[in-house]
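In the form predicted on its own, a lone chain appears below as structure tokens.
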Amino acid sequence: MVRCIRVPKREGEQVRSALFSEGLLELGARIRADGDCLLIPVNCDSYQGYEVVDAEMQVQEQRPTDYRDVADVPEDLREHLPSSFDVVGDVAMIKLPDELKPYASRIGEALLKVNRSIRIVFEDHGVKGDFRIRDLERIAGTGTSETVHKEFGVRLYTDPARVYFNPRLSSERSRIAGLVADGETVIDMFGGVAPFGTVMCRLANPKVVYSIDLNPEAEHFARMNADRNHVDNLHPMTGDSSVLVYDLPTADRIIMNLPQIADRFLPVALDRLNAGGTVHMYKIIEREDFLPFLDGLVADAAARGHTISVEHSELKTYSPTMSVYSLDIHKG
């Protein structure tokens, strides 16, 4: 028998939420209907004057939600378990410190146990090469690293072991799509599998989006994304964007998602940007150096004959002293 309170159905969600926030909801049993009321299991003797009854209740399975709670690693290493990891579609990728590498498979199994949507887990050894591809080692699960990532109603086909893809920029992709005016010409200079372009073409109405990447595999997936999402104004291209942009129409908007060195290509982008247009650039930099960096961008642009203004936001922490910044660079 489980102690419950009898609550009118119209008040059920409000009471359940209040019980949960106060730590008084009995999570080991399921709420059930009783005529026009709900029987809500509680771990207290009474609550706000509601009728208290003892009832047979169905046991509710409690699944752990944090892999760190179930990972089979020595207790003295538990504090080193990463608090975050990347998920692309049904593929999880986690970076492990050296002391946890002997327990990689156990950590992978723990991730699978608490995340039903994950099919396979890789240890992420970092990004390598000019193509920005992750060095991945399977530690749990089955299948390949090819997957489908969903965001804002868009299906993005990708393979993090073969092409660059950053799942943490989904909000940025949506934000920029919301800025695109009808009929714009857009160039993504480091487009990967064209997530920016695909989301933009689905959520906005640009005239054309050119998505360029050095990696031929990226063009393969970008074309798949255009096809599967029924997009006909996205044009993937393979090659050096600093060269190819000169064969394209000038743009109203240019995306530069190469945060380590994107600023090196800003002069090219400004040359190919229409007056009144915007460059969306991402930059990893020491926080204490960021404001001088902005001053340098404005001065360098002026020396090349361009007047720019910059709006910026800090997207995330990259290291104890560095952050990833989003810069909207407007050309006068």
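In this text, residue numbers run from 1 along the sequence as written. Note that the structure is predicted; figures quoted are calculated from it, not measured.
Keep in mind that the form predicted in complex with a small molecule is not shown, yet the notes after this line are about it.
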Discussion item. Is residue 290 part of the interface with the small molecule in the predicted complex - any heavy atom within 4.5 Å?
Written reply: no
Worksheet item: Can residue 173 be called a contact residue for the small molecule in the predicted complex at 4.5 Å between heavy atoms?
Response: yes
Worksheet item: Within a 4.5 Å heavy atom cut-off, is residue 239 in contact with the small molecule in the predicted complex?
Response: yes
Discussion item. Is residue 185 near the small molecule? Define near as a heavy atom within 4.5 Å, in the predicted complex.
Written reply: no
Discussion item. Can you tell me which of 84-92, 174-182, 118-126, 192-200 lies within 4.5 Å of the small molecule in the predicted complex, counting heavy atoms only?
Written reply: 192-200
Fill in: Among the candidates 112, 208, 204, 214, the residue which, in the predicted complex, approaches the small molecule to within 4.5 Å (heavy atoms)
214
Worksheet item: Which one of 100, 169, 136, 262 is close to the small molecule in the predicted complex, taking close to mean a heavy atom within 4.5 Å?
Response: 169
